[in-house]
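Heads up, the chain below is alone and in the form predicted alone; it's given as structure tokens.
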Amino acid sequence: MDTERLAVRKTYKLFIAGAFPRSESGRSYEVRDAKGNFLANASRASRKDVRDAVAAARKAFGGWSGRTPYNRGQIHYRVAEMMEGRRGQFVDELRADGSGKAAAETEVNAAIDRWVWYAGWADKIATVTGSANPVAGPFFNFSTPEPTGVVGIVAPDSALLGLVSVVAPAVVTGNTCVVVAARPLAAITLAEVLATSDLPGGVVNILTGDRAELAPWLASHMDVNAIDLAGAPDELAASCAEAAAENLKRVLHPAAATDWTADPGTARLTAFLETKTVWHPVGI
């Protein structure tokens, strides 16, 4: 017997420490499509949510950075597998967000492929950026890359491909991150993928809400080691960079009119790595 079903509306919550809490402030906002039609409610994060996300990222950093690069690559590939399984959902959400069918399918395919591409770099970046240095004397001298720590990310407007292009390189090298997402639909669906993959809780934390409200607090947080301002408008980027200078954070400034479909190269892989040089006597 055919019966009319009530629509099951989804509330897009925050993603902190591997869980999906509502904002501690109780705030939410309406997400609408390109024509102004209601799509969903999304949680509007607060400053307290920023602090909770940073605490979760810091707690996860030791375990995540201590894993072997090969294992981090395996986990990233598992995320790509899960994204492939939800490919249709991502396409539907991008279409609801204003993309045409062909454009949405192209972006989802590119986002999955890019996640796989970054997964492949996990156990190679140290070889490319590290070195055995020639020195005078009976010593070995090695330079090796290490993750910076907790990275704050102001995500670009590109709903999925841009988001993947800033999150994947930060975490595949051993960092943890707190992301302020501009467009919540695909961002929280990606969070659901991360939560059901093998990625430990707290490695990636995603907040939705007002970038102008959240980004300065993220930039000024004393336990954030670096910040990527990819999605920050010029005025907001300037204020965030100024706030970040209070504790000498590494700041990745936004590039004008970034083409997220272009070959990403290794710039974002190396942006949040520090080089450690070790001396060791020969023969001991």
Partner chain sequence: MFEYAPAPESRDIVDIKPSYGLFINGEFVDGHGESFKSINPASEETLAEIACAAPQDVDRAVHAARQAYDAVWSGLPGRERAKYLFRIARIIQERSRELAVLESIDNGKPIRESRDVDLPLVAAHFFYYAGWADKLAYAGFRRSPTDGAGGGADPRPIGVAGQVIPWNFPLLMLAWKIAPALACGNTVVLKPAETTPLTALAFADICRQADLPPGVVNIITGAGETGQALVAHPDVDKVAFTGSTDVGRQIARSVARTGKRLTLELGGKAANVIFDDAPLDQAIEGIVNGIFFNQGHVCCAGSRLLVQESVAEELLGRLKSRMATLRIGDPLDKNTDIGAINSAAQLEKIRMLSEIGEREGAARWSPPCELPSRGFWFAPTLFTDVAQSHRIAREEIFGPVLSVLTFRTPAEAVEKANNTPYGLSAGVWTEKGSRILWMAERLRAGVVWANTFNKFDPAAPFGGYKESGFGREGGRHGLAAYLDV
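Superpose the two forms; the largest set of C-alphas matching within 1.5 Å is the rigid core. Residue numbers count along the first chain shown, from 1. These figures come from a predicted structure and were not determined experimentally.
Below, we turn to the form predicted in complex with its partner chain, even though it does not appear here.
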Subject >> Contact residue in the predicted complex, chosen from Q74, S131, N109, T196 - any heavy atom within 4.5 Å of its partner chain >> reply: S131
Original post:
Within 4.5 Å of its partner chain in the predicted complex, heavy atoms considered, which of T11, T261, S25, T275?
Top reply: T275
Subject >> Options 182-190, 135-143, 88-96, 75-83; stretch whose heavy atom lies within 4.5 Å of its partner chain in the predicted complex >> reply: 135-143
Original post:
Counting only non-hydrogen atoms and a 4.5 angstroms cut-off, does A40 reach its partner chain in the predicted complex?
Top reply: no
Original post:
Using 4.5 Å between non-hydrogen atoms, is E246 touching its partner chain in the predicted complex?
Top reply: yes
Original post:
Is the gap between P281 and its partner chain in the predicted complex 4.5 Å or less for some heavy atom pair?
Top reply: yes
Original post:
Can P200 be called a contact residue for its partner chain in the predicted complex at 4.5 Å between heavy atoms?
Top reply: no
Subject >> Full three-residue contact with its partner chain in the predicted complex, heavy atom 4.5 Å, for R114, A119 and S158 >> reply: no
Original post:
Once everything's superposed on the core, is P254 shifted 2 Å or more at the Cα between this form and the one not shown?
Top reply: yes
